[in-house]
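Before any questions on how it binds or moves, here is one chain, the form predicted alone, in structure tokens.
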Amino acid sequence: MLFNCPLSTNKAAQIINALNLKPTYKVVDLGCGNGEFLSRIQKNSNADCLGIDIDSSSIALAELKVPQHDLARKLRFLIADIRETQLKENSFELAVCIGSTHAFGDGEAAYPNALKQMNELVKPKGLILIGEGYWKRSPEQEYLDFLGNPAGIYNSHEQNIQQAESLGLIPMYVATSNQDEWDHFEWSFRMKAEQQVIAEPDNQTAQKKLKRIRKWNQYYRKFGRTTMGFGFYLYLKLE
């Protein structure tokens, strides 16, 4: 599992190719995780890329990717809280946030806050790429109770797009995760947890984690496969 979201390598390449970036561009990935997606952007475009994440272990993994690049100075990572990081406004051609809108706020404020702050960072005619969950259908109350807050605040796929339009952003390109990508994403978590307990049968922490993941997997099979979607939304900032 390369990405911390339901995304295949083929679809990642499809989305990155749609960006049509130039080597002179500056890119920031907010909540970059292990840096895999940003690393692929840099390899594809040779753009100047900066990844930011609050999790030091994720950044440690991300930095392992830097030596793979001939121009390592064009791929950098920073451990920081997005909301406390001072970045110059109107200084990036592309801002990315995939599966990390929670870093911009709680509940229903997360997605619009992310859009607004990313909008401030990109130049006029710049791009915003945001990955966000959505409801494919109205969720069952049992599923909401299991997920807990703020999971009940997702929009529909169309509402995600309309919310961006209400801020003056222009939808340029949209892709969604398919069922195979979702199954691979969810079952990879399960397999990794199962394998860890097999390898470390006396690891109590691993056993507790596996118990949680098995429960999550059960609810994914019962509700998530037909209820939860994930979209990749590319927007243009006009001015």
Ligand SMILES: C[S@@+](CC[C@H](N)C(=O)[O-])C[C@H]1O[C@@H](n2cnc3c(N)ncnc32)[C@H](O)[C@@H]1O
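Numbers follow the displayed sequence, beginning with 1. This one's a predicted model, so the numbers in the text were calculated from it and none came from an experiment.
From this point on, the text means the form predicted in complex with the named molecule, which you will not see here.
With the named molecule left out of view, the stretch that reaches within 4.5 Å of it through heavy atoms in the model of the complex is, among 139 to 147, 164 to 172, 95 to 103, 122 to 130, 95 to 103.
Not displayed here, the named molecule is approached by residue 54 to within 4.5 Å at the level of heavy atoms in the model of the complex. Although the partner is absent here, residue 49 sits far enough away that none of its heavy atoms falls within 4.5 Å of the named molecule in the model of the complex.
At a distance threshold of 4.5 angstroms between non-hydrogen atoms, residue 234 is out of contact with the named molecule in the model of the complex. Residue contact check for residue 81: one or more of its heavy atoms lie within 4.5 Å of the named molecule in the model of the complex. At a distance of at most 4.5 angstroms from the named molecule in the model of the complex, all three residues 3, 32 and 58 contribute at least one non-hydrogen atom.
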